[in-house]
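Quick heads-up: it's one chain on its own, the form predicted alone, in structure tokens.
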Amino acid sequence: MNFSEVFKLSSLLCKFSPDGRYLASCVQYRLIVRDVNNLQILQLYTCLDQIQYIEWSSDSLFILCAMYKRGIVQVWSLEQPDWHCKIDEGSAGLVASCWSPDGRHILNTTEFYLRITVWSLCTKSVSYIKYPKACQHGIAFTKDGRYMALAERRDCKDFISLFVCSDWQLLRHFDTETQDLSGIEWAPNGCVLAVWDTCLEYKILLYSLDGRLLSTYSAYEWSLGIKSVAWSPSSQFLAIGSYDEKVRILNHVTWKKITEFEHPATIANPKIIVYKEMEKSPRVETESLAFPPARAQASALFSTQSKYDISQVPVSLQYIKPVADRANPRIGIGMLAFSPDNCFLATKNDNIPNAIWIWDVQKLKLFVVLEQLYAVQLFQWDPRQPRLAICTGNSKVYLWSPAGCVSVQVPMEGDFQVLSLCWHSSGDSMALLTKDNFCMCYLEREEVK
């Protein structure tokens, strides 16, 4: 495994282009575009204010930079560096911005969710969509880019509008049986739309493309409900993470529950492998030490290495009792993601913040538990194979595959605390992000099989 030098970064804004050729990063009001292969700067753009969000167009030819405080979006072209576009929402303000799947329209959500403005880069035309719902997952595009679903709120009732992305014509409009809709997401095959209710009401509804209600699922009543949702890449399974510390799996034929995965604080099954991260201080030969020690040698002196040991069951995981009288309690399944080959599901229970649970989807059983020394910040699957990358806010990156686990020290001077990461589309490299810096990590395919 090899690492690049360290580059400056602001607000964890670092993204690979969809075609995998470029890497965009931000340093305050500057947008820097690099060649992925040699990390040379190809373009340097200066925006009008500090950048708060960036997104590539689907064809990797344009990149938008949103400055929400100023209500401005600036768009830059990689093919024509002299061309640029500025969209100013004025007094309407700006809370969100994204590309349409064709990479030629930009959807801006104004303050207070009064409307969504659709700007065309080709014709410079503007159209408006009224009543968008103020929720985190209110816009969803099908994977093929043909349709957009939008959550709406009008007259104190929730609705879904389906639009054709080619001309923004309304295809369907229907109300949903939700109290306070919280999010929507298309199945990868674009045939089914999942709609889930507020965390105060456990309810998930499944609609077809023509607006028919296919099924409704509710696991229990009178308690905090759904916290996270994930479709499997094959669209055969829908995983629902709940505040009761369980994941329920629905199948795509009857939309009924086929199993539920519990996340107990004690692992007692001897068939389950529990990898526990152990810290070890590196040995330093004192005779060979120069004084004062070289910087690289000094950082090695004080950094602690770690490795994974296989624990003997039963294993008690570190459990944090949630504070019940505060908003957004740290309880329940906060993160879940399927591997790209559909074989594994990784989950994190917020009550047990240091652990990752990996489930065998084919056998519908727990396969592996990883117990880290620090709370898991993020995990993300390699886009090409069942390999999971994990960061915990320290100077290490962790990899799991069915063959085993590895802990890798990022060999940087100073305090390189990895808070986030993102895979390159090839699966051969990833960017490791800290609060103020980032570096590239290059993997050999044979390293973790």
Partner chain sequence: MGDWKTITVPALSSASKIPYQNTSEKKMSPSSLNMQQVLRSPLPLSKSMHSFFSAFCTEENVEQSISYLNRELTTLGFPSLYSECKDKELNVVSVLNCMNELLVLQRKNLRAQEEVEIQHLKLGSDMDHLQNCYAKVKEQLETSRREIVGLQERDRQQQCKNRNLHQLLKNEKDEVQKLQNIIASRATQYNHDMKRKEREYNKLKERLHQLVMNKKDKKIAMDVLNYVGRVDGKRGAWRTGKTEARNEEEMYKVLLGGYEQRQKQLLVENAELKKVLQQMKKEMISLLPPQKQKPKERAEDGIGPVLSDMEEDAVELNKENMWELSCETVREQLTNSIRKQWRMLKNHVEKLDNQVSRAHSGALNGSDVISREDHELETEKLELEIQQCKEMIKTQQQLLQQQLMSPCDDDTSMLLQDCYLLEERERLQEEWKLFREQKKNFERERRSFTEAAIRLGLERKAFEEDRGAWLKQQFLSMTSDHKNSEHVKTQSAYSGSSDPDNQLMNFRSRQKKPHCLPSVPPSEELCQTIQHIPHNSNSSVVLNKTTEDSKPKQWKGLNKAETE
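The structure displayed is predicted, hence computed values, not measured ones. Residue numbers count along the first chain shown, from 1.
Although not depicted, the form predicted in complex with its partner chain is the subject of the following passage.
Here the chain stands by itself, but in the predicted complex one stretch of 369-377, 330-338, 151-159, 237-245, 151-159, has heavy atoms within 4.5 Å of its partner chain. Between its partner chain and the residues K256, K130, K280, R326, the one pair within 4.5 Å by heavy atoms in the predicted complex involves K130.
Among the residues K307, H137, K143, H84, the one placing a heavy atom within 4.5 Å of its partner chain in the predicted complex is H84. Every member of the trio R104, Y113 and R172 reaches its partner chain in the predicted complex with some non-hydrogen atom inside 4.5 Å. Not displayed here, its partner chain is kept clear of V229 by more than 4.5 Å at the level of heavy atoms in the predicted complex.
When its partner chain is considered in the predicted complex, A268 lies well away from it, no heavy atom lying within 4.5 Å.
The closest non-hydrogen atom of Y319 lies beyond 4.5 Å of its partner chain in the predicted complex. Put simply, W76 is far from its partner chain in the predicted complex: not one heavy atom of it is within 4.5 Å. Interface residues of 159-189, taken as those with a heavy atom within 4.5 Å of its partner chain in the predicted complex (partner not displayed): V164, S166, D167, W168, Q169, L171, R172, Q179, in sequence order.
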